[in-house]
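This document opens with one chain alone, in structure tokens, the form predicted on its own.
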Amino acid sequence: MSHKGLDYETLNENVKKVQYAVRGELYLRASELQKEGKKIIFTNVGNPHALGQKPLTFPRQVVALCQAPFLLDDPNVGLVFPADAIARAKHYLSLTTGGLGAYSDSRGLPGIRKEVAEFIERRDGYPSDPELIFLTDGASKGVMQILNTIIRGEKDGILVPVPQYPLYSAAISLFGGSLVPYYLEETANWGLDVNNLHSSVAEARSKGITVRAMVIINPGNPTGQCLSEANLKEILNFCNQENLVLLGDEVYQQNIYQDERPFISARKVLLDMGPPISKELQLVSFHTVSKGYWGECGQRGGYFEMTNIPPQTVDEIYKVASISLSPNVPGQIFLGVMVNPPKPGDISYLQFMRESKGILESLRRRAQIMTDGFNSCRNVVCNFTEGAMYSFPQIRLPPKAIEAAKKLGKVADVFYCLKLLEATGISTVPGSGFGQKEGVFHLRTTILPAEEDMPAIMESFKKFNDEFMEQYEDHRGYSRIREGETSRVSC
């Protein structure tokens, strides 16, 4: 019998190639255990509200009023909602052509794109054009749209940091391109060496690959490092020399847990550098309401801004965005409030600052608790989480454990993470899902569990890890990162 159009054998091969470890084997096993009644701590994905973070009050008040505009006509509305939330809801409703149930422009509501442009100007000190800002259903949709625009075939390469967020490897596979890895140096706190970029491009070109764009994730996911201004200048100069588009994934820009390297956008550094580079280098920057102290992952609000992109290309991107008609409108409202939060003197300002500051201060403490906890464990080494929402400890697995994993047909860190899950209920992501150097193993966990639960979680991890090491240790040495390591990795 002939195969049908949606039989597995006839599917698009690019779809089959896609892998997304964040919702992969570990997550599926965790979901099974949860159905069986086991308590699972899902630290596999940066999903703050699922781990107990409370939503900020002001944006929820604004969106609630926008979703139920009849409340605005209630004479008692002022007894329940503050005046500034009422005013803001009326403002956003006035920007729509029929409330939140109506399509917006395919780029997003013009009034909210203007608010995003004003936010960018305040942040960077340079004007931003709302016509070059597209609102999207989370940053991921924007990343996929731009990658789809850039990738023409399998000989087009995208430079991606390794370890990397699997969105990039998955999307590049889906669109039929080639991922070109460049390696972050764990021994230098996951720093970026521009020499690695040159080597990666040269190797790709030797295989006939045309490298067309470079991705940076700042602050890093899964590695948590923050790029310095000097590092960003090196990257921008490199992209200019190599004629690459720079894709700036800056979704964690509010998540900074140290004072030495504050977030600075690639756009600001580019424009500070002045002509000719500031007028020539093509840059696309991404942001979202899912991260920061907002954590509104389920609302799916995001944007990308284009710098030095030709008008004809912008028109083509608009055309493709129009196929989906409209990004979701409630997500756009959340984005509007994120980029234009309550100001000093507003009724809701003090509460908003108290809530947002409390979340960030707690995340900073949790980052330290988790780093210290991992570093207290046998054969575990962890760099401090400078930013973002994740810890990425190296697990120095004994040879016996690596051999046991092979016998089961598992990658060694998948084996370790499955054992961790079964023993403790802690659901993580193995480092192999992000890419890592040969013979070196990691796991990624969020720093998002409630602060009061952190000591018990780390104690549970330590107990499991030390028992695991005792079981498999054979005193012949462990897998470890080596200074100057240049082994290859597949993503």
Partner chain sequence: MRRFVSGVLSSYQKRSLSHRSLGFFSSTTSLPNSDSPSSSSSAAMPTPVTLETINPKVLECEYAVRGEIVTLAQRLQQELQEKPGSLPFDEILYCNIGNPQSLGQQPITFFREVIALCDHPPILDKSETQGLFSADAIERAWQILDQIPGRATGAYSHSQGIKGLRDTIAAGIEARDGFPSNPNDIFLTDGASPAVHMMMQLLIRTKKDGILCPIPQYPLYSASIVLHGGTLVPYYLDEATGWGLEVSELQKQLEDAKSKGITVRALVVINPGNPTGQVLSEDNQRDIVEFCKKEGLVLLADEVYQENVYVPDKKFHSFKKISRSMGYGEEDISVVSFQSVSKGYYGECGKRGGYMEVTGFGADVREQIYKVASVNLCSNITGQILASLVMSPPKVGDESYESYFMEKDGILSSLARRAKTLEDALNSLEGVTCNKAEGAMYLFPRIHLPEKAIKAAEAAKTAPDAFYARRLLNATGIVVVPGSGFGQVPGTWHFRCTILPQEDKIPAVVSRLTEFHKGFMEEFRD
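In this text, all values refer to a predicted model and were calculated from it rather than measured experimentally. Residue numbers count along the first chain shown, from 1.
There is also a form predicted in complex with its partner chain; it is not shown, and the following applies to it.
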Among the candidate residues 447, 440, 63, 30, which is the single one with a non-hydrogen atom no more than 4.5 Å from its partner chain in the model of the complex? 63
Just one of 313, 376, 258, 187 has a heavy atom within 4.5 angstroms of its partner chain in the model of the complex, so which one? 313
Interface segment, criterion being heavy atoms within 4.5 Å of its partner chain in the model of the complex, picked from 358 to 366, 141 to 149, 113 to 121, 399 to 407: 141 to 149
191, 200 and 383 - do all three of these have some heavy atom no more than 4.5 Å from its partner chain in the model of the complex? no
Looking in the model of the complex, any heavy atom of residue 45 within 4.5 Å of its partner chain? yes
Classify residue 165 as contacting or not contacting its partner chain in the model of the complex by the rule of any non-hydrogen atom within 4.5 angstroms, answering yes or no. yes
Considering non-hydrogen atoms and a 4.5 Å limit, does its partner chain approach residue 462 in the model of the complex? no
Using the partner position in the model of the complex, report whether residue 233 sits within 4.5 Å of its partner chain, counting heavy atoms only. no
Would you mind checking 313 to 351 for residues with a heavy atom within 4.5 Å of its partner chain in the model of the complex? 313, 316, 318, 319, 320, 322, 323, 324, 325, 326, 327, 328, 329, 330
